[in-house]
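Below you'll find only one chain, the form predicted alone, shown as structure tokens.
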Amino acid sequence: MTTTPSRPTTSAPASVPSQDGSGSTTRAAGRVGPLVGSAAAEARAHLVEVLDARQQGRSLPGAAYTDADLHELDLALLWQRQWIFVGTVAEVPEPGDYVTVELGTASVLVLRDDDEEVRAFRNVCRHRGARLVEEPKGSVGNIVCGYHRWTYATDGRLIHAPQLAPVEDGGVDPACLSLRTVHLREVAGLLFVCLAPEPPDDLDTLSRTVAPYLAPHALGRTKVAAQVDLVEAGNWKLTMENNRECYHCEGHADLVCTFFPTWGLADHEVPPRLRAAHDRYLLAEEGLHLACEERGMPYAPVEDLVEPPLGFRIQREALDGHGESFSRDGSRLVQRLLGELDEARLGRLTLHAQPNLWCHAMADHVVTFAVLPLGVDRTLVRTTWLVHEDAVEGVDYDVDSLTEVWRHTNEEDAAFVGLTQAGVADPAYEPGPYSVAERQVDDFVSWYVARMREEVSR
């Protein structure tokens, strides 16, 4: 397995703005931790004002992207209540392998136990609350707290607590001190967690819908070829909004070698200058549909982006050039195809799930993107490239070539997000109208407004 260093790289530094785009003064950005008491009530009232101020077909008021207290409400009302994508089964291939994910002040430990079941726990010792695992990824035999050596098995059971009084002497039963569990579900190799006591029940709908699309790519038989953490200098919603449109894709020189620039446009919306590219896309789509039908692979779009707590969209679409992968000419990047696939020219299967996932599955590899908020104006984008478990680096694939397009594209997107964060913090900012190519951005923002209204009214 080849991975990049575990610590994230950072794009241009961001500063916390002094005013939001709607003209009201931004609340204190230096406070750390959940809102309580009158501060929480004030922030909730402000959130409702901001949601009410949003106009359909336009972006959010500036405070939604810049106000530190509203960001805390994002974490409390959305990120700690919805299903969140945290990685793939390929990231924890062996017993004891783990990844950690930070959701605001909450840390989640995802690991494969000794019976090879993937579990998730709160990353907090049951003794005096010390953080158990500090590294973002690794492998353990048991989980040992570095403070007083309380030791947990990989299934979360407390198996050793030095000098803790035995039950027969009035001590606490160790069975009552297991690690606190977190809801975890696997969907065709993708891992989701939910911190809420009673998670939303719509993950079953997502699973039933997307599993047949992902099945041919056999994520359970992949390995991590590379992983890159990039910190964008922007609010997490700007990162997601940027991903939901290709209006800006002419700024991605590497991506447009294979990504048709008319993505998101209906036929009658294609401008004359993009007509040739769109005609090429329609021809490639016709060939892709035939190849999918011959193999019994679903390809039609399924979209439910606004109503459910876990809004999603999935579709298999054609790629330009050779139509095989995200390379400079569209040819495959990995010689060993995924699963039992017998054809490289199968375009890209794209899944988008809100609040924090998008991924592309080609015949030769899968690339996943996890968006995780680090602060009101800082967002981690974790990009992971998966290849067949038997593919050999240097023989079947080259890591630099495999990652080139999305490394460059991510860096360019980080710059766009940083520019937008600076702009929405400017007193002159007013939400502008979306173009026809930004329908899915509008859907994402509408989904966000609906979720926050639901949660703040509880």
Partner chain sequence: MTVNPLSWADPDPVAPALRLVPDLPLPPDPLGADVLPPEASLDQEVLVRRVVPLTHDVVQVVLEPTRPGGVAFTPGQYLTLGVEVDGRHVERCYTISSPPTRPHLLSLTVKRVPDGEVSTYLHDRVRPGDRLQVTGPLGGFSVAEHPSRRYLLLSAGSGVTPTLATLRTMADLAELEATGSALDVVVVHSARTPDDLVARAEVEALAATHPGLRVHWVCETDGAPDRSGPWSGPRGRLTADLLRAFAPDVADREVFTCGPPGYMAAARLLLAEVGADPARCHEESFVLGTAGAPAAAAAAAAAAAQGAAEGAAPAASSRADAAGTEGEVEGHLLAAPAPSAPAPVATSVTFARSGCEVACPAGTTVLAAAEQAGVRLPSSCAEGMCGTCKSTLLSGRVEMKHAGGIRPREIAQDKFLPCCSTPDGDIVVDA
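Keep in mind it's a predicted model, so treat the numbers as computed, not measured. Residue numbers count along the first chain shown, from 1.
Not pictured, yet referred to below: the form predicted together with the partner chain.
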Should residue 96 be counted as a contact of the partner chain in the predicted bound form, where contact means heavy atoms within 4.5 Å? yes
Residue 114 versus the partner chain, in the predicted bound form: is there a non-hydrogen atom within 4.5 Å? yes
Taking the shortest heavy atom distance, is residue 142 within 4.5 Å of the partner chain in the predicted bound form? yes
Residue-level contact is defined here as any heavy atom of the residue lying within 4.5 Å of the partner chain in the predicted bound form; does residue 296 satisfy this criterion? no
Which of 132-140, 68-76, 333-341, 262-270 sits within 4.5 Å of the partner chain in the predicted bound form, heavy atom basis: 132-140
Between 151, 243, 100, 209, only one gets a heavy atom within 4.5 angstroms of the partner chain in the predicted bound form; which residue is that? 151
Exactly one residue in 183, 180, 328, 160 has a non-hydrogen atom within 4.5 Å of the partner chain in the predicted bound form; which is it? 160
